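We give structure tokens for two forms of one protein chain below, kept apart as structure 1 and structure 2.
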Structure 1
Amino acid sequence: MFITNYIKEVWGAVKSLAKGMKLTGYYFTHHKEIITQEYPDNRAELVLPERFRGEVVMKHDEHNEHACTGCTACELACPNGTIKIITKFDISPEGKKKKALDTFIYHLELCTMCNMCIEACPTDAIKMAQNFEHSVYDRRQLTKKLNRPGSKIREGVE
């Protein structure tokens, strides 16, 4: 009785191991499906989804105009103090003072890509870009100015 049980147990154990090895053997001989990507070499064909959060950028059109009014909604929405907005006063031709954006400072090193600033923006002036390669040798390079030099607010954006 003891011998039969013992042999049964050993047989069951060998069978269970063989079952697992069969699966391993299957994958060893059927390696058609390539799962891994060779990252630095596939940069050319690497396409990230449009919603991927890489960094915050400001949208500029062909006339070098943006839609940022300098309302600081994004600055208030940001949980980490990533965004700092410096405003100035534009004098319109009629002689009226109007608040406008001077500098949009973005600290990439503090950003957690939570998308809160983009949600908060009333004029849809900023968006998330798909660039994710942010390594630099100097931390100061991560503090960015998002509005391009010489750019101004698009006509009609309030």
Structure 2
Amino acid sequence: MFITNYIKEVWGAVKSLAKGMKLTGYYFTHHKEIITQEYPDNRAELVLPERFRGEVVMKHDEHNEHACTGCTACELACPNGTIKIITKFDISPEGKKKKALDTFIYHLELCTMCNMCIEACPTDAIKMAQNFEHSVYDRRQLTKKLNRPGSKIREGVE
């Protein structure tokens, strides 16, 4: 009984190995499309899929303006506290207090690249960038301030 079960398991393993080797041999001899990229040798021509999620960045235009209103929707949507929004109150020309973004802190070391913050943002102020090389020796370098110094909210964004 034990010997027959052992022989059946060995035979199943050999059959599975042969099936995998057959498929590998087919792809080796029939070059249709190369799906393996020679990274890091191909950095200049590296093409990442459009859906690739690298890290969260805040979009700024040529006038150093962004669309973040400081609503904290991205902070609330984040499942593990990667984003911290610090707001301030600006006084509009009409004399009204208006909530505005002071600092947008992003903890890359905590981010799971789930994209929930991007989906939650009502003004499309943030997006997922295509950069992926984040190796550093000091973990503090992975905490980033996304709004640039001197940036302000774009006119017409509410």
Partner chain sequence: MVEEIGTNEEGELVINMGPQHPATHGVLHLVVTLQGETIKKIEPHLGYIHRSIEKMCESLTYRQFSYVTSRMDYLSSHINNHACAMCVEKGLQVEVPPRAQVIRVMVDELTRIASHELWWGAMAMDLGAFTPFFHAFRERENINDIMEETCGARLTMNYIVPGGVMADIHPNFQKRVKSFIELFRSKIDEYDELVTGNIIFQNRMKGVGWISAEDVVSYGCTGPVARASGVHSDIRKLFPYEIYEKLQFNEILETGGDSFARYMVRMRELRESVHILEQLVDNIPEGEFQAKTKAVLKLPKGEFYQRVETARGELGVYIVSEGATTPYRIKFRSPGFANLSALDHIAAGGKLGDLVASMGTLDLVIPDIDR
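For the two forms, the rigid core is made up of the largest set of C-alpha atoms that agree within 1.5 Å on superposition. Predicted model only: the values in this text are computed from it and were never measured. Sequence positions of structure 1, starting at 1, serve as the residue numbers.
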I want to make sure I have the labels right. Is the form predicted in complex with the partner chain structure 1, or is it structure 2? 1
Post core alignment: residue 23 C-alpha displaced by 2 Å or more between structure 1 and structure 2: yes
Superposing on the rigid core, does the Cα of residue 61 end up 2 Å or more away between structure 1 and structure 2? no
Superpose the two forms on their rigid core, then report whether the C-alpha of residue 138 is displaced by 2 angstroms or more between structure 1 and structure 2. no
Report, to one decimal in Å, how far the Cα of residue 93 moves between structure 1 and structure 2 once the rigid core is superposed. 2.5
Keeping the rigid core superposed, can you check how far the CA atom of residue 10 moves between structure 1 and structure 2, in angstrom? 17.9
